[in-house]
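Take a look at this single chain in structure tokens; it is the form predicted alone.
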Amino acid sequence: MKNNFFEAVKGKLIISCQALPNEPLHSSFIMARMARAAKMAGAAGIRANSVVDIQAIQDEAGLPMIGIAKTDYPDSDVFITPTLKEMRAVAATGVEVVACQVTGQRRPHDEKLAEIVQQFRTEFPNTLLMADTDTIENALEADRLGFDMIGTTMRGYTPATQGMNIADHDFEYLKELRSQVTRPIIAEGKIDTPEKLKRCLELGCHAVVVGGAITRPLEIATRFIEAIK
């Protein structure tokens, strides 16, 4: 399963099909159809949030998947598959990859990342782990802990990286990351044009995840409206 995933997505586009409860497309049925459209367009994989969406998309698209479970806890700002409970639930769907947030912040219930990664490996030895990171330091920590791939997902979304973007200054951050980590890099986060996607691949990323620019019509429409205000 592990090698199959890396082979399937190498040099290709993974499309994130997500809609949160406050968004107009929030529906497992709609996300499954979105994933079908992504497959028809030629996407190599899907990233999806929540067990019900993952299962619906598996039935509809049949593509390799990165699964997450966005969950808010009152004692932590970590929300992407934040605890072992969510990691287990996502892995139980049979997805190839479980992604979780690795941003150096305190985790819910004060869980320790090294401990839950070790436990997860014991329970799901054939499931890949992706680290959604924000800084070089946290990417290196994920690398050290043995995550199978390093994502840039959280850059710009944490207090330490607010206002930052992996595309800034011709992807200088991505170049530095590529020179320091040993695991495959999955570029993700604010990649909103085909040109940026191509640049990520040219710089050696294994694959690229694009979400909002393709699958969030509210965000897309808002950009156009803002341009004419």
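Numbers for residues come from their place in the sequence shown, where the first is 1. Computed from a prediction, not measured in an experiment: that's the story for all the values here.
Unshown form predicted together with a further copy of the same chain; subsequent notes refer to it.
Using a 4.5 Å cutoff between non-hydrogen atoms, Lys12 counts as a contact of a further copy of the same chain in the predicted complex.
Although the partner is absent here, Pro194 lies within 4.5 Å of a further copy of the same chain in the predicted complex, judged by heavy atoms.
a further copy of the same chain is not shown here, but in the predicted complex it comes within 4.5 Å of a heavy atom of Met34. At a distance threshold of 4.5 angstroms between non-hydrogen atoms, Gln55 is out of contact with a further copy of the same chain in the predicted complex.
The listed set Val51, Ile30, Leu203, Met164 contains one residue whose heavy atoms approach a further copy of the same chain in the predicted complex to within 4.5 Å, identified as Ile30. Along 199 to 229, these residues reach a heavy atom to within 4.5 Å of a further copy of the same chain in the predicted complex: Leu201, Val210, Ala213, Ile214, Pro217, Leu218, Ile220, Ala221, Thr222, Arg223, Phe224, Ile225, Ala227, Ile228.
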